[in-house]
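In the form predicted on its own, a lone chain appears below as structure tokens.
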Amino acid sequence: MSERAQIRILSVDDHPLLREGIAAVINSQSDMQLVADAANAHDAILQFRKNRPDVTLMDLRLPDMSGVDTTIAIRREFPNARIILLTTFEGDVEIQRALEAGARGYLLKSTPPKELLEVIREVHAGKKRIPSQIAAQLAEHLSDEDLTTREVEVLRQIAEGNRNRDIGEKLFITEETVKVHVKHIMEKLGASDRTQAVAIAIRRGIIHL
């Protein structure tokens, strides 16, 4: 196949082993070519500008900025950028953010190489691709009421082990207000106590430790 017809790919991941693995998978295909790789968001944006890849594989967790924010930054400059987010993580809040940011695909790093190649080809052809188990998880929480910004702040403080009084002092609100926020957080997350609320929030990608 002529080089002009190859799908040109940028791979972004901060783990050298993963980048090498992805490079090997891509370069074994006659219709694909890895044009560049990057280990952080800053380099990813620079490499995108320089190489204008057809498809970008983007790690969700980068050392300097999240993959979602990097996707937003690239698409602000290049609205037609086709980006697939790769992650070890299935949190529905993260997936939702990724899709709102304009990601064309969302794949778990445990995906077999054959499926990764299929998704690259589909996204290059203008389609979107989300694995069924991730789609099911999105659907499960579709009707959930989102936590407010303040509730997320309170939840982060709970995750750090702070008591209501400490949280109030840190966020400049009364202890009573904190209690109200905690009550709403538990109701919205379907949690029976603070520990469970934190565990659910981490699993769904609402907060990160």
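Please read these numbers as outputs of a predicted model, since none were measured by experiment. One-based numbering along the sequence shown.
There is another form of the same protein, the form predicted in complex with a further copy of the same chain; it is not shown, and what comes next is about it.
For a residue to qualify, one of its non-hydrogen atoms must sit within 4.5 Å of a further copy of the same chain in the predicted complex; none of Gln96, Ile130 and Thr177 qualifies. The single contact residue among Ile134, Leu116, Ala101, Ala81, judged by any heavy atom lying within 4.5 Å of a further copy of the same chain in the predicted complex, is Leu116. The partner is absent here, but in the predicted complex a heavy atom of Ile158, alone among Ile158, Val68, Ala38, Val55, sits within 4.5 Å of a further copy of the same chain. Taking the partner from elsewhere, Arg75 is found to have every heavy atom lying beyond 4.5 Å of a further copy of the same chain in the predicted complex. Residue contact check for Glu20: one or more of its heavy atoms lie within 4.5 Å of a further copy of the same chain in the predicted complex.
With a 4.5 Å cutoff on heavy atoms, Ile7 does not count as touching a further copy of the same chain in the predicted complex; it lies far away. Using a 4.5 angstroms limit between non-hydrogen atoms, Ile185 is distant from a further copy of the same chain in the predicted complex.
Contacts of stretch 106-132 with a further copy of the same chain in the predicted complex, defined by any heavy atom lying within 4.5 Å, are made by Lys109, Ser110, Thr111, Pro112, Pro113, Leu116, listed in sequence order.
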